[in-house]
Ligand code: 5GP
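Coming up is one lone chain in structure tokens, specifically the form predicted on its own.
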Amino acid sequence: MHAPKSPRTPSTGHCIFCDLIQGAAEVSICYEDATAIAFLDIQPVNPGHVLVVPREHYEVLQDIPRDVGLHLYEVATRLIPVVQVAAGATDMNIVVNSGAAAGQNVMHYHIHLIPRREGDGFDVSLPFPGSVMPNRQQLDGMAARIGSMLRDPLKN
């Protein structure tokens, strides 16, 4: 198991989103400020599919400083109703794929705002059809484990 990265240390290396943010390629920006930028996804699920991205490079959710994460969420919630109206959508998926095993393919943290319409064919199926329902002891055991880890006085 790898030790978690420092939550305040930006990642390094080549990144297509960093290139876009620095103006190295065409991007359709719908929002920007000193901390965040939001632009249209070039492989959208539906028209109006927006990515909300920190300007600074952080790979996954755990790397995001709290204040930046809160700001990105505020930007997303501000954009959601506007994107829905602009895209003529009735609903919205807000998706974060954090890490390669979770489906993240650009390793620069980002939030997907996906406008949804009845019958659009996209599916984020929960509960997961392949899941096995745990018994109450398993659920209680995991809840206790998570809770005790949060309360550990030796952790930050």
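Note that the coordinates shown come from a computational prediction; the quantities given were computed from them, not determined experimentally. Each residue number is its position in the shown sequence, starting from 1.
Another form exists, predicted in complex with this ligand; not displayed. Remarks below refer to it.
- This chain appears without its partner; in the predicted bound form, the one residue of I16, I146, M133, L139 with a heavy atom within 4.5 Å of this ligand is I16.
- With the partner omitted here, the residue from I64, L51, M92, A87 that has a non-hydrogen atom within 4.5 angstroms of this ligand in the predicted bound form is L51.
- Proximity of Q22, G69 and L72 to this ligand in the predicted bound form is absent: no residue of the three has a non-hydrogen atom within 4.5 angstroms.
- When this ligand is considered in the predicted bound form, H112 lines it closely, a heavy atom lying within 4.5 Å.
- I42 belongs to the set of residues with a heavy atom inside 4.5 Å of this ligand in the predicted bound form.
- Contact check for G103: a non-hydrogen atom falls within 4.5 Å of this ligand in the predicted bound form.
- T35 falls outside the set of residues with a heavy atom inside 4.5 Å of this ligand in the predicted bound form.
- Residues from 58-96 do not approach this ligand in the predicted bound form: none has a non-hydrogen atom within 4.5 Å of it.
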